[in-house]
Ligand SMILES: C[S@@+](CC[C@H](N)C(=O)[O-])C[C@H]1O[C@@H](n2cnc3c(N)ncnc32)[C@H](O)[C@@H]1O
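This document starts with one chain, in the form predicted on its own, laid out as structure tokens.
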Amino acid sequence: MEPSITKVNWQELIGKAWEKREPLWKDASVDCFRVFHGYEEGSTGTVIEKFNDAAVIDYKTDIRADLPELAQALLKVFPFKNIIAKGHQSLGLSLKERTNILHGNDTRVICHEQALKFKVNLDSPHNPGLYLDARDARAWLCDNSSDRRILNLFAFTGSLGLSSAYGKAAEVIHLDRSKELLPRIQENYQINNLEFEMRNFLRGDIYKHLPRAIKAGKKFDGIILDPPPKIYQSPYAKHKTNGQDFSALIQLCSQLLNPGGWVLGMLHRFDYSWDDFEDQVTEASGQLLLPQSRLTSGIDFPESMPDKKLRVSIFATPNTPIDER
């Protein structure tokens, strides 16, 4: 595949985007955020994220010819020690072609968000290990998990459950299908000096584990539900699973929730609205769960269409007090 020739003025685009994020790079407690959101800032398919002193460029349109210029534009706004570019698999590139180290040589870094630390793998084929648009959700969990027993579903590298643990949760159970991800959750606990028990990191199929937990009488005071946009077809599900499978998952989760408990649900799909999402959850729970508050992504995720942003809803029984952030 021949790289396309573009006429993007990267220095101008990056400079403008950096100025808009001044509240973030001036905040000494946060060193990770999205530097450039190309869908709204001048280059569809290109996003650039900062993790401490490293930058990761993800591109879905072929900008390989521009990468040296883009790296220099980034170095003019911040003294990055490492810059890595990753092309999307849809470009038809081999795995080797997809990842390019443009500056530096480190592929592992620890970044900081408020009081928490996160270890990220810059050269991971997909997300390095921290979804930056969930910053406000992590802050909410830190503030609303005290003394609660929390279930973190589709845990990934555990940042959401880790936030609950830092917020003095009585216990946090993490569940994910990937064997590779559970050790990364444990690493994040270790670098934050948080105690953990191995039995709280579960690998397995959510459609198998949740019915078993219900049958065993397990109960939780908070459930974090962040299903991926594309979900696997489970042999344990009684229906055809699809991305963001909230109807089926909420039916299960509502049976695991203690009185006064909450569910934090994260919507990534663009084909229905925030109101539709909340109505779906309320209906699936048999009117047990009602939307109490909403969160979304920060200034580093500019979108002209609100339904293109991450949408986070907190659901609870009507008499559950919820902190309004």
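Note that the structure is a prediction, hence the values are computed from the model and not measured. Sequential numbering from 1, following the sequence displayed.
Although not depicted, the form predicted in complex with the named molecule is the subject of the following passage.
Exactly one listed residue, out of Tyr189, Phe201, Phe246, Phe156, brings a non-hydrogen atom to within 4.5 Å of the named molecule in the model of the complex: Phe156. Between the named molecule and the residues Ile206, Leu162, Cys253, Ile150, the one pair within 4.5 Å by heavy atoms in the model of the complex involves Ile206. Only one listed stretch (100-108, 87-95, 190-198, 176-184) carries heavy atoms within 4.5 Å of the named molecule in the model of the complex, and that stretch is 176-184.
Interface membership of Pro79, defined by any non-hydrogen atom within 4.5 Å of the named molecule in the model of the complex, is ruled out. In the model of the complex, the named molecule sits within 4.5 Å of a heavy atom of Tyr131. For Glu113, no non-hydrogen atom is located within 4.5 Å of the named molecule in the model of the complex, even though that partner is not displayed. Under a 4.5 angstroms non-hydrogen atom cutoff, the named molecule in the model of the complex lacks Pro125 among its neighbouring residues.
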